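Shown below, as structure tokens, is a lone chain in the form predicted alone; questions about how it binds or moves come after it.
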């Protein structure tokens, strides 16, 4: 049975869809498409139905990647549905756990940067209000974190 991964940020138009698309890219590169299902969501509902941010798509395009998907809001049911939930920052982490008052699913929720192998960041910065450099940095950071995550998942 495929392991279900959910990447979560605030609006689900920058960081989490980037993580989802990068992870899918790495999974496909290794021919592991049957072992993993990736999705993304935002703790806020402002952008529901929207494509990934055009600046994020442009930064991805420069690396030969096509970012697809449409934004959705994280729901309590996701805590049951997914095997691993990856928060981009501490606020996202707290907002996810707020939907789990009985603390049944705490062990499923992890910080994305915990899987970085090169970068030392503790959180994935939100590039939304910055320039192109921020989007490029987030993609590099997420390639590092997703690579480490995939390595970790393959070893278990």
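For clarity, every value in this text was computed on a predicted model and none was experimentally measured. Positions refer to the first chain, counted from 1.
A second form of this protein, the form predicted in complex with 4-nitrophenyl phosphate, is not displayed here; the remarks below concern that form.
Heavy atoms of residue 10 reach within 4.5 Å of 4-nitrophenyl phosphate in the model of the complex, making it an interface residue. Contact annotation for residue 47: at least one heavy atom lies within 4.5 Å of 4-nitrophenyl phosphate in the model of the complex. Using a 4.5 angstroms limit between non-hydrogen atoms, residue 128 touches 4-nitrophenyl phosphate in the model of the complex.
By the criterion of a heavy atom within 4.5 Å, residue 146 is excluded from the residues contacting 4-nitrophenyl phosphate in the model of the complex. The candidate stretches are 99-107, 22-30, 62-70, 119-127, and the one lying within 4.5 Å of 4-nitrophenyl phosphate in the model of the complex by heavy atoms is 119-127.
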